[in-house]
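This document starts with one chain, in the form predicted alone, laid out as structure tokens.
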């Protein structure tokens, strides 16, 4: 079984699970640029229990991927137990850990008592951890929030109960569920949780750059840092953050041509791993942000529907950059 503390010492910056984002193409882009641990999208234990083929697509790593962390969500201990066994059998030695989502604030999730709604039911949450730990051959971790309702701060007490149930690490986001992603994440919550538990703590919230990630690691008691929205259009963030935090290497600027080439690589990965290219519109806009004439390019990229249309548009963008005043890519 993996030693999470040792893993975090080598590379403390982790690719966070994000629903609708962290598919295989996204993970591979980030792995190629420094992410060692990467998570699936949020996976329904009910879907796995019902043997849904669409759900399994979220779980299985591509051949290039050396490992995967699978994040599960639901409310029924028996479905978690089934899911853990099924995932272990299907993923095999590539499975690094099982994470239980107790942080998602989406209405369609919490109305079913899942995600961050579990913070209102600590004993039910503990039973889910216990069900997983009984079956798992890998560490079982949890991701939580500062609390559920506005103004609540139950994270430390809740985390201690999850540790008692067998959780091998706790990730904590410094907002309550009711805040969604508004306002500022309170990083002091990370320290409060770390003071209450003996297992590693992963910090989360408002990490938008390599500098933010390095600052969270330095200024809080976090053993590791989840990078979520900070990966948007920036797959280099994991290697950059590690170099900055551990070796003091400044974060390099990434020019327009380098960003276009990375986008081309990402779209090609999506084309090779997914039957549809719709997700390419969102992350293409992230890569194009800040480039010369970005608004115009982003307006056109959202109209692309096929791989060939995306590639033709990038060819045009590269040609314009090559002859324009920004030909050096800066």
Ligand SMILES: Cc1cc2nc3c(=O)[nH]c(=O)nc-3n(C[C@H](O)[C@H](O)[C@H](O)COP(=O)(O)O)c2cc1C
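Because the structure is predicted, anything quoted here is derived from the model rather than measured. Numbering follows the first chain given and starts at 1.
If you look for the form predicted in complex with the ligand, you will not find it shown, but the lines that follow are about it.
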statement: Partner-free chain; cross-checking the ligand in the predicted complex, the single residue of 125, 237, 207, 217 with a heavy atom within 4.5 Å is 207
- line: Checking 244, 117, 133, 228 against the ligand in the predicted complex, the residue with a non-hydrogen atom inside 4.5 angstroms turns out to be 228
- request: Answer for residue 71 alone: is it within 4.5 Å of the ligand in the predicted complex, judged on heavy atom distances?
  value: yes
message: Using a 4.5 angstroms cut-off on non-hydrogen atoms, would residue 41 count as touching the ligand in the predicted complex?
response: yes
- request: Would you please decide whether residue 173 lies within 4.5 angstroms of the ligand in the predicted complex, comparing each non-hydrogen atom pair?
  value: yes
query: Does at least one non-hydrogen atom of residue 101 fall within 4.5 angstroms of the ligand in the predicted complex?
result: yes
task: Tell me the stretch among 146-154, 198-206, 160-168, 81-89 that has any heavy atom within 4.5 angstroms of the ligand in the predicted complex.
output: 198-206
- request: Output the sequence-ordered list of residues from 1-35 with at least one heavy atom within 4.5 Å of the ligand in the predicted complex.
  value: 16, 17, 18, 19, 21
